[in-house]
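First, one chain by itself: the form predicted alone, in structure tokens.
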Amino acid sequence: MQSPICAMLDIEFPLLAFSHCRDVVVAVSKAGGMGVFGAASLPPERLEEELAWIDAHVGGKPYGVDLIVPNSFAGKGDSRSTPPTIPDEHKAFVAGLLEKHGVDDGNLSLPAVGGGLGENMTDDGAAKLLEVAFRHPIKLIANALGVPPPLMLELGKCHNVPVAALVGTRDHALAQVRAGVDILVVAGGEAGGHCGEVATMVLVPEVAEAVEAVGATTPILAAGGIVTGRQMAAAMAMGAHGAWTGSVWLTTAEAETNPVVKEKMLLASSRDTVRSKSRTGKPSRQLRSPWTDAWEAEGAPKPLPMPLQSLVSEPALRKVDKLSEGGHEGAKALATYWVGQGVGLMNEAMGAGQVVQEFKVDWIAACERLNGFIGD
């Protein structure tokens, strides 16, 4: 395809797949798109293992790595070693919510999985992950929150690896262009995980127009609710050069998603998600459940700033996941995960490579349909 994204990343089809699952990354890259491995919560040694596995299985096809290195968060720049204090109100709220659904709240003070999201968002933590990533033949490095740190931009240039950044507003996009980012991932509010308020249908053409107005040629990947080829074609008609997707891979055969949550997603409608700060401290869209409803209810404690809220939510949700997979009914009800509004179109489980092929077929059909409106 004649897209600057294809030329820049050396891929056949400008469909990028963000996933925490290495199997999905490999399957998408081998099918002609590009898998992007989400590494935000992994310690350096785990990241090394995962990327080595991808290298061994991807057959030389291009893939990328995604990190979260925000410009600011609670405790950033604080060199004190004192562990953060979680308010008793939040501890009691979680304990009560779990008890209501028959889940024991004991042993919830476990350390975060891997090196912990908070540690990896510090300058030192991010530098260690970047060092690992650039030891491998990655073809893209992406930052999920804010302008990438100078080190990421410098290493990208040094290794000739494009740097991508997610944006949720026109102003943020222009700030990224000024910083020298190579690819803009323009994510609308329909997206799963961290997202802004502006809808993809509005945000993509708004950013495309703004980038063009300042004379920049930075290519755009549309994101947010895109789970079909026809949506991808529509986004490209509005000024995007391809699509960045995440949710659609969560129900694939290769995905690491909790089977209970996967089944919920396949049955969910586009109305069964909620955008909330209750999981990470920043607005993120997730599958609605009694867990998410409780945090949005009157009288619930206000979510803590990022990354402190994760210390409240993640230990409990990991326990919920484990118990739900064992058949615990209360845990099955509470179980949730990040997913976008496109979940309403995710009704069939299939392999990740098959999803890529479905995107291609649907994209071509959409383009042919549009061409049919043009008279002779």
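Quick caveat: nothing in here was measured; it's all calculated off a predicted structure. Sequential numbering from 1, following the sequence displayed.
What comes next is about the form predicted together with a further copy of the same chain, which is not displayed.
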task = State the residue from A233, L153, A294, L304 whose non-hydrogen atoms include one within 4.5 Å of a further copy of the same chain in the model of the complex.
result = A233
remark   = Checking T336, Q309, Q341, S29 against a further copy of the same chain in the model of the complex, the residue with a non-hydrogen atom inside 4.5 angstroms turns out to be Q341
task = Could you tell me which of 250-258, 162-170, 177-185, 84-92 sits within 4.5 Å of a further copy of the same chain in the model of the complex, going by non-hydrogen atoms?
result = 162-170
inquiry  = Check V198 for me: does it contact a further copy of the same chain in the model of the complex (non-hydrogen atoms, 4.5 angstroms)?
reply    = yes
query = L323 near a further copy of the same chain in the model of the complex, any heavy atom under 4.5 Å?
reply = no
inquiry  = Taking a further copy of the same chain as it sits in the model of the complex, is A366 in contact with it (heavy atom to heavy atom, 4.5 Å or less)?
reply    = yes
is_contact(A240, a further copy of the same chain) in the model of the complex, heavy atom dist at most 4.5 Å = yes
key: Residues V202, L370 and G375 all lining a further copy of the same chain in the model of the complex, heavy atom within 4.5 Å   = yes
query = Looking at a further copy of the same chain in the model of the complex, which residues in 1-24 have at least one heavy atom within 4.5 Å of it?
reply = M1, Q2, S3
